[in-house]
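We begin with a single chain expressed as structure tokens, specifically the form predicted on its own.
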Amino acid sequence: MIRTRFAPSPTGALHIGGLRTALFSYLFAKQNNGEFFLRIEDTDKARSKKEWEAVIFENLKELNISWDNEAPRQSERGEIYKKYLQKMLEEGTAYYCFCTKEELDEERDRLMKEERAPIHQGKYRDFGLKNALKKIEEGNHPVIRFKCPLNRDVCFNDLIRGEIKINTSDVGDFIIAKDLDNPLYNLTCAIDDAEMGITHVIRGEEHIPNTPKQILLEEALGFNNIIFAHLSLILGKDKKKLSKREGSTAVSIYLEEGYLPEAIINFIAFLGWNPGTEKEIYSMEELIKDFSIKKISKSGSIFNIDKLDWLNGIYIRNMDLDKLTLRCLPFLKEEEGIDNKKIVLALKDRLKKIKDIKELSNYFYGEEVFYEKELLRWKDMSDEEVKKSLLQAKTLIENIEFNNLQEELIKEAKKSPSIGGFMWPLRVALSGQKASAGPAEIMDIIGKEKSLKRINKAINII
């Protein structure tokens, strides 16, 4: 059975890159009738926080990415890692290293001057476990290094990038634990993936240098090999590393701003993947069906907030009105006589994200709206022409029932020199905005009395 995983560190919020890794891992597992696992990598005790863990869980659930396990925490698996470390020390695939910082700095400087990779050459790799334990008893505090095979090519077939080959001369004897109680990332990752039965790991390209290390650890521990796929970076519009201003904001912020989960998932799926067709709107079920690792690009993907806005607008417009109203309510005011559902209906086509309705709906509440006199003018209309248009609208509104408002307004506008010359001053008088819902929609929501008050104010202003 295919098993993938997402293994975030709870040292901060879930960001766009992490969400894409989770989504692609989830889609690949589900389309192959496999399992998607979640694992919390919290061995960084100083920076890992329970509150960040809770945010990650909450965001994934809201985005409809579910996992098939109990989501173990690395901080609770210390004895398991210790057992493997002791095994490696006894078998000689790992060793205690007593090099001082000064010795390591000197080694690094020498190798760089010789134009060689600044990796550790393994001064203590043949020191022996008995000698090392004696040295520890004397009060020395070593780290534990992996005894890397010498001058050997580590090859793996990346599902996105094809064959990747790295020689162990460029890896060296890397540290796998500070001590028996403090294992480091590459070791815990290799052990956890093996014990969870992970078959495929999809992650960012920044992990490529870790992959040969984890493959070597798998071999040393007798684990099955894992298949890897490394995703390219997500870039800004300038094709440079994504900045916070452009989109590396926490996923929770996008949700709070009113980007719908379905739109976020649809958008994230297209960061590096393309179905090869013109289709752009995808539900999660359709993504599971059509997603293919073979169609993931090797080059960086561009984060375009305008595309997310466009997608979100489509999802908003297609959303059930009652459900949309519920989502909008936290951003709307409450006022007697005002039907917020009607406001949502009037503004839904103008929304890029749910939070937009807060600013767009202000003119529906309260008695007055505020604007400059010039805004009332349609094109080059004179004051007298604007006043005449408003008086015409006032007379109509005073004498009609609010049943077929749009029809009545259009009929009246056709009697004027221009439809715009009738509709524009009326709409501005009602909303005070350069862009707003139409006059009929506004009047239907605020009612006849308030509509006439606003029109009278406009007449006085002009």
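Everything numeric here is computed off the predicted structure, so don't read it as measured data. Numbering starts at 1 and runs along the sequence shown.
Keep in mind that the form predicted together with a small molecule is missing from the display, and what follows is about it.
Exercise for review: Consider the chain as shown here, without its partner, and state which of Ile264, Ile354, Cys189, Val386 has a heavy atom within 4.5 Å of the small molecule in the predicted complex.
Suggested key: Only one listed residue qualifies here, and that residue is Cys189.
Practice item. Report whether the minimum heavy atom distance between Lys213 and the small molecule in the predicted complex is within 4.5 Å. Key: Taking the distances in the predicted complex, the answer for Lys213 is no, it never comes within 4.5 Å of the small molecule.
Review point. Does any heavy atom of Glu41 come within 4.5 Å of a heavy atom of the small molecule in the predicted complex?
Key: Yes, contact at 4.5 Å.
Practice item. May I ask you to state whether Tyr185 is within 4.5 Å of the small molecule in the predicted complex, using heavy atom distances? Key: Tyr185 belongs to the contact set for the small molecule.
Exercise for review: Indicate whether the small molecule has at least one heavy atom within 4.5 Å of a heavy atom of Arg125 in the predicted complex.
Suggested key: Contact with the small molecule, no.
Review point. Where does the small molecule sit in the predicted complex: which of 79-87, 203-211, 282-290, 366-374, heavy atoms within 4.5 Å?
Key: Single hit among the candidates: 203-211.
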